[in-house]
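Just one chain follows, in the form predicted alone, and it is written as structure tokens.
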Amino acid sequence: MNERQIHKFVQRYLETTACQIIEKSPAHFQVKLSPRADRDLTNRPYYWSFVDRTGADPETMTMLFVTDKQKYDQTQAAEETKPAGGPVSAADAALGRSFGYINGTALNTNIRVPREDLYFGSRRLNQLFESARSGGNYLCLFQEPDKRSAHPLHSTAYSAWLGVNLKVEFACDMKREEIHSFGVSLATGQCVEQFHNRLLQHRMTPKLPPNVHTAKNALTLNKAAAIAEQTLERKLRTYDYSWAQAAAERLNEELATIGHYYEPLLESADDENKPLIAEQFERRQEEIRWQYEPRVTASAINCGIFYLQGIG
């Protein structure tokens, strides 16, 4: 992940979480965090528990996120050597036109603003990833119409779909993962696979578009989720599970091997040492089972309600 990709991600995160961008350039953001972002990033549980308990207006932190350290430091060094009150340079003007550069000189205060250098693998960037992931587990979006109706009284019907991405893990002493995306119509109960690819064909918005009404749901969310689970279960029943049989054979071989080692020890051990050896034997068996025992697990990565045109 390069500096440009990090910068683009950070800008989308700040806009999505409604942070106030005080100053920005292609190499940094100075922001006043929104309450949600402050809760996720600043590790102030006692302060936020006080706010929640008393209902006081929260005072969020201001932070400096540097997405390109070399470029930012060079810019700062140039600013320090520039004569005060000089004209705006052509470079600054170009930045303003191309990148939406905001010069925050007039907003600067003597308050110390914590600086965070964001690069792939940094602790703070990982916090942003985790915050975005947790905040994006559940969402509600509407399909944007291709074109607006010319008649002001015309209304297009949208139906709700439960979209869920499921991760399936096939594990033993080896591991394989699959991602399955299902969409279940809350109006008809129809279940389609590769639902995420279907969503990519449309532009989505968090706001209900004009001249649109939503159809009444015939299914509850629990029923729709059960349909997706049943569809996945039927699909998994068609798989080849010879790998599980081979893993079970390796498991039995490993259990037999450690049995050949510990069983003679138990027979020859005295009363004082036998409980200790038996405990070690049992723990070693549990470790072998955890490593080799074949298992298939499914878990939801994220889900959402998506309103799409028509009655699905």
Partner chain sequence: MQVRKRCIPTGQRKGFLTAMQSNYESAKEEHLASPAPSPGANAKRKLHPSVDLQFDRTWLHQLQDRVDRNGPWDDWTMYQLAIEAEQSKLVESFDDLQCLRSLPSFEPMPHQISTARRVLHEMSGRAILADEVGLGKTIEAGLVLKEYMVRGLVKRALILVPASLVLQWVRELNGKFGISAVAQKKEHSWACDVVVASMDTAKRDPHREKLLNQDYDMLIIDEAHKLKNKKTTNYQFVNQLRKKYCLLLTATPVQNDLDELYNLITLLKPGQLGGQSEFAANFVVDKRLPKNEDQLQEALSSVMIRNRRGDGGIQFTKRIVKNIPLSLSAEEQALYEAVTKFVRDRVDESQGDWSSLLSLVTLQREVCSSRDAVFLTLVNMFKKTTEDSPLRPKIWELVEVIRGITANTKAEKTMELVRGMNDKVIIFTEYRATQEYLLQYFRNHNMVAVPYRGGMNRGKKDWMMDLFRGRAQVLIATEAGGEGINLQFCHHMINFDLPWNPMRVEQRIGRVHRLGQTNDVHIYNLCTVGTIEEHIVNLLHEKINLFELVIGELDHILERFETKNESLEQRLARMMLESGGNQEQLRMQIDDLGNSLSRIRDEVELEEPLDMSAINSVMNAVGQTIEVRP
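Predicted model, so just to flag it, every value in this text is computed and none were measured. Between two forms, the rigid core is the largest collection of C-alphas that superpose within 1.5 Å. Residue numbers count along the first chain shown, from 1.
One more form of this protein should be noted, the form predicted in complex with its partner chain, which is absent from this view; the next part is about it.
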Q. Taking heavy atoms only, is His196 within 4.5 angstroms of its partner chain in the predicted bound form?
A. yes
Q.
Please determine whether Ala218 contacts its partner chain in the predicted bound form, using a 4.5 Å cut-off between heavy atoms.
A. yes
Q) Can any non-hydrogen atom of Asn211 be found within 4.5 angstroms of its partner chain in the predicted bound form? A) no
**Q.** 4.5 angstroms heavy atom contact with its partner chain in the predicted bound form for Gln20
**A.** no
Q.
Can you confirm whether Asn222, Ile258 and Ile305, the three residues that make up this candidate site, all sit within 4.5 Å of its partner chain in the predicted bound form, judged by heavy atoms?
A. yes
Q) Just one of 53 to 61, 23 to 31, 267 to 275, 247 to 255 has heavy atoms within 4.5 Å of its partner chain in the predicted bound form; which? A) 247 to 255
Q: Scan 286 to 305 and write down, in order along the chain, each residue with a heavy atom lying within 4.5 Å of its partner chain in the predicted bound form.
A: Glu287, Trp290, Gln291, Tyr292, Pro294, Arg295, Val296, Thr297, Ala298, Ser299, Ala300, Ile301, Asn302, Cys303, Gly304, Ile305
Q.
So, superposing on the core, is the move of Ala247 at the CA at least 2 angstroms between the shown form and the other one?
A. no
Q: With both forms fitted on the core, give yes or no for whether the Cα of Gln127 moves by 2 angstroms or more between the shown form and the other one.
A: yes
(Q) At a 2 Å cut-off on C-alpha positions, does Ile6 qualify as shifted between the shown form and the other one after fitting the rigid core? (A) yes
Q.
Please check whether, in the predicted bound form, the CA atoms of His180 and Asn126 lie closer or farther apart than here, given a change of 3 Å or more.
A. closer
Q: Pin down for me whether the Tyr13-Asn197 Cα distance shrinks or grows in the predicted bound form relative to this form (closer or farther, change of 3 Å or more).
A: closer
